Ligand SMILES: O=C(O)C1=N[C@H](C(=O)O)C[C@H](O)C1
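One chain comes next, on its own, written out as structure tokens in the form predicted alone.
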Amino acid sequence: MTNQEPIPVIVNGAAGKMGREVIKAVAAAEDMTLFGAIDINPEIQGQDVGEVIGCGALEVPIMNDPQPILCAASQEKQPAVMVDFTHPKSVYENVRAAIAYGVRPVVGTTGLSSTQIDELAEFADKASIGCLIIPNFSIGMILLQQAAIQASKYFDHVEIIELHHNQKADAPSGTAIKTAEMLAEMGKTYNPPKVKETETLAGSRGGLADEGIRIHSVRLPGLLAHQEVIFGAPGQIYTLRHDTSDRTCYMPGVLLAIRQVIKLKSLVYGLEKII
């Protein structure tokens, strides 16, 4: 470890499934210090976040108001970072507040619209504050997306299926949207029609993204996070699939993002941009 001050980290959504894993990962990282824990659950306010998530006392109380924590973090010598795993309805205001205080956001919450991302990018640029919006922190998913880009050079037909637990609030997933965007940027239109399709049940063909790419969402208990990108051509099917069995797989990506965001002066979208 260097003599550099540890990075102060605030976790927003601290008692959620992802927030708990982030707390544990940050607490174990030698170059970081857990500065604050935010969660709106009224039953755990003021309690030690380490005790709540079962990893032992961390001497960081859970608070439901981010403003005092962001204000305090803005006074630290080392630039502070806020990791957000909350809800699509609150993430936009969370990120704006962090940037306003000079705290660098690392956003894992999906559901931001393209307009909102553009507005946050403009806000971050004006403040010269780094911000990372990461639809998926898994290195394996980044590799899948890179493989999909290569396959798109040879296949004209592709559809995406994403499968998540039934407590996920938004559909399709941010990862599926990002994958479709990456494929659409290849300069071609996919799935040229062979027949005139008719949906006898609305939505049965999935959502239509740019350049003719279809995205299908599945929500079931027992699932965690999974994605398939299926390419088709006469006589063959090429399937790329990534399965998540434990949320700990995201933590190397989260820690990497925390370390990288303090070096940035603008908003960056996608983990592949910093690895």
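Residue indices: 1-based, along the sequence shown. All of these numbers come straight from a predicted model, not from anything done at the bench.
Keep in mind that the form predicted together with the ligand is missing from the display, and what follows is about it.
Taking the partner from elsewhere, Arg96 is found to have every heavy atom lying beyond 4.5 Å of the ligand in the predicted bound form. Residue contact with the ligand in the predicted bound form: Gly174 places a heavy atom within 4.5 Å of it. Using a 4.5 Å cutoff between non-hydrogen atoms, Phe231 does not count as a contact of the ligand in the predicted bound form. Ile215 falls outside the set of residues with a heavy atom inside 4.5 Å of the ligand in the predicted bound form. Between 96 to 104, 132 to 140, 147 to 155, 72 to 80, the stretch whose residues reach within 4.5 angstroms of the ligand in the predicted bound form through a non-hydrogen atom is 132 to 140.
Using a 4.5 Å cut-off to the ligand in the predicted bound form, not one of Glu181, Lys188 and Ala209 places a heavy atom inside that distance. Counting a residue when any of its non-hydrogen atoms is within 4.5 Å of the ligand in the predicted bound form, the hits in 156 to 187 run His164, His165, Lys168, Asp170, Ser173, Gly174, Thr175.
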